[in-house]
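One chain is shown next in structure tokens, namely the form predicted on its own.
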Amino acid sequence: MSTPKAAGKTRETSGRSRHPHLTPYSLILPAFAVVFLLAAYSFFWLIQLSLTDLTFGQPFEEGVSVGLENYRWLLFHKSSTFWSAVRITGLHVSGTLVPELLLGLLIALLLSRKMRGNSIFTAALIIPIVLMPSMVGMVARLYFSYDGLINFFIETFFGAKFNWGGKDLALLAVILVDIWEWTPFFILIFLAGLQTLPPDPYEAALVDGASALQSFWHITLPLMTPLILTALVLRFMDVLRIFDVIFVMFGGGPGTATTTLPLYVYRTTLLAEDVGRGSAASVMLIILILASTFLLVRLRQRLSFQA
């Protein structure tokens, strides 16, 4: 005969197990609700500001509603440098993501082999990631100065010096710093993925006489594709909004040589004191990030499904 206490436990257990698939959502919901509400509230006010003619420091009530005029000016006015910022952002994103991805995969493949000092190398890779971006920018500015460490080595081995602060090489200097700082991000993720791959396909390929390159192309790469695309999406979202390193190194200059979209928003809002156009540029940047991330996520899902 069951006791009332046992019966109560049975009812509680059955109640919890009635909808077990809802448990993960109920755990995530509070944090998601807080983040979503804060983001939605901020985005609402950002759109409101983008539809007004407002000077920085002026009360919002004194702003004049101009509709979509700020967007029209950004996209079509001949004195607007918005599309120049989009082009520089595209160069910066492609110039950093592709080398970081390739170098990260190559170095991860080397470190995945059993050799002495692997743990030391892996621990050292964390250092660039945990450094403060502003400090990275300050040190990089010293290194890439005309009499800095980079030119010292170039002059020592090649007998030449470069003006890294000029408009022709400033963006390249920013890209090189970003590659140094964030390639370890890909290395650590890919190294963790390589260490979890099943050994059976490799043993079968070895029996069939497959070379190391064939094993990589037909086994490693297909198995690593979902992880590669996940790391690419995460890094893509981050590199689109990089501000601090570029700002400390060159402040978006010389001229507009390193003015990516985040720097363009800063210059328009705080330096030009045009809150309306700066907010409109912020909205355009958010739309660009969301649209590009959505396309990358869909690509990842499609390739993962095919795999």
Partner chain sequence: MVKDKMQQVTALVVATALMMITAIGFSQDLEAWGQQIRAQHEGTEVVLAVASHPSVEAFKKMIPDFEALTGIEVTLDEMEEGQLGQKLTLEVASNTTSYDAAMTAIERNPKLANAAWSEPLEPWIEDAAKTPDWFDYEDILAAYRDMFLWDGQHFAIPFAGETVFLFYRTDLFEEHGLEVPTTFDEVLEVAKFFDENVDGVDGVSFRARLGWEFTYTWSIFLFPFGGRMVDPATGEPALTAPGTAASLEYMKELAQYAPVGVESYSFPEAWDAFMLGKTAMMIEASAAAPEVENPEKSLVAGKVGYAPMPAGPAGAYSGVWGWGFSMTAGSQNKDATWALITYLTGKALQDEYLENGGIVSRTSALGDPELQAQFAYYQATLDTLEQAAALNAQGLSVVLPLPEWGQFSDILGNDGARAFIGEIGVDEAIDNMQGQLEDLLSN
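In this text the structure is predicted, and so the values were computed from the model without any measurement. Positions refer to the first chain, counted from 1. We call the rigid core the largest set of C-alpha positions that still match within 1.5 Å between the two forms.
The form predicted in complex with its partner chain is left out here; the points below concern that form.
Engineer: Can Asp208 be called a contact residue for its partner chain in the predicted bound form at 4.5 Å between heavy atoms?
Structural biologist: Although its partner chain is absent here, Asp208 would stay clear of it in the predicted bound form, with no heavy atoms inside 4.5 Å.
Engineer: Is there a non-hydrogen atom of Ser65 within 4.5 angstroms of a non-hydrogen atom of its partner chain in the predicted bound form?
Structural biologist: Result no; Ser65 lies far from its partner chain in the predicted bound form.
Engineer: Would you check, heavy atoms only and a 4.5 Å threshold, whether His218 touches its partner chain in the predicted bound form?
Structural biologist: Flag for His218 set to no.
Engineer: So in the predicted bound form, is its partner chain close enough to Asn163 to count as touching (4.5 Å, heavy atoms)?
Structural biologist: Yes, Asn163 sits close enough to its partner chain in the predicted bound form that at least one of its heavy atoms falls within 4.5 Å.
Engineer: Tell me, out of Phe158, Phe76, Tyr146, Trp83, which residue has a non-hydrogen atom within 4.5 angstroms of its partner chain in the predicted bound form.
Structural biologist: For this set of options, the contacting one is Tyr146.
Engineer: If you look in the predicted bound form, which residues in 256-285 sit within 4.5 Å of its partner chain (heavy atoms)?
Structural biologist: Residues within 4.5 Å: Thr256, Ala257, Tyr266, Arg267, Leu270, Leu271, Ala272, Glu273.
Engineer: Core superposed first: is there a CA shift of 2 Å or greater at Ser65 between this form and the one not shown?
Structural biologist: Ser65: C-alpha displaced by less than 2 Å between this form and the one not shown.
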